[in-house]
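Shown next as structure tokens: one chain only, the form predicted alone.
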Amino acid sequence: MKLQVQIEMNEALFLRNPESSELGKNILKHGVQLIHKTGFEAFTFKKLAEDIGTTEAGIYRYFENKHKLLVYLAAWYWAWLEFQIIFQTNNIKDPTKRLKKIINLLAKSVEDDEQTSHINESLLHQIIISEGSKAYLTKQVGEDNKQHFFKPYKDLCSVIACIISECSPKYKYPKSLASTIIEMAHFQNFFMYNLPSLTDFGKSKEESKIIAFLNDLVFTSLKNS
């Protein structure tokens, strides 16, 4: 059973809510497709406008710049992923099994959710792997943080950290381990396909080996606490 995802976005990220109109939804839909195709550096609002069949000025009525659009998409993804994790682990009482399920969700490819037709989660997941860190590895990260742009990411880390603490109440670094799991799942995936010599499973290109690595990393740490 699938539930309808309702995601409340930070209003400081946009000038006009893109969910409120067909043009706005097209900006999100085609924005994901174009960033995935060209990469964020080559992505421009001019190219996006041509892709949609609208004006560049029309896009600027929704987003101040392409950085805000990237942060919006990243925040949307983290909120969507938190929903998926809570929904898919809700009936699992054993915290160890819940944590293993989360590791699987973080490391495996994402299928597009047809209920959110204006955002392709499969493509967005790949963008987060290759471009997601650009949302916060910037000079303005402090100002962006003051506006709570990264709250969905923090909320996701908090959910995972709480389950880590359930697994091992004496473990001293649940938040650090939670963010490490998320980032490592993405880095190892990126390395596996692009810089395989930085992994022990690059030639295989098997997500199951990333999952095995993360399980070993996490549960060895908890066991030794």
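Treat the numbers as computed from the prediction; the structure is a model and nothing was measured. Just count from 1 along the sequence shown to find any residue number.
The same protein also has a form predicted together with a further copy of the same chain, omitted here; what follows describes it.
- Of the listed positions (N104, S130, S122, Q84), a single one reaches within 4.5 angstroms of a further copy of the same chain by any non-hydrogen atom in the predicted bound form, namely S130.
- Put simply, N145 is close to a further copy of the same chain in the predicted bound form: some heavy atom of it is within 4.5 Å.
- When contacts are judged by a 4.5 Å heavy atom cut-off, K46 does not count as touching a further copy of the same chain in the predicted bound form.
- Under a 4.5 angstroms non-hydrogen atom cutoff, a further copy of the same chain in the predicted bound form lacks I52 among its neighbouring residues.
- In the predicted bound form, L177 approaches a further copy of the same chain with a heavy atom inside 4.5 Å.
- Taking a further copy of the same chain as it sits in the predicted bound form, the stretch 140 to 155 comes within 4.5 angstroms of it through a non-hydrogen atom at V141, N145, F150, Y153, K154.
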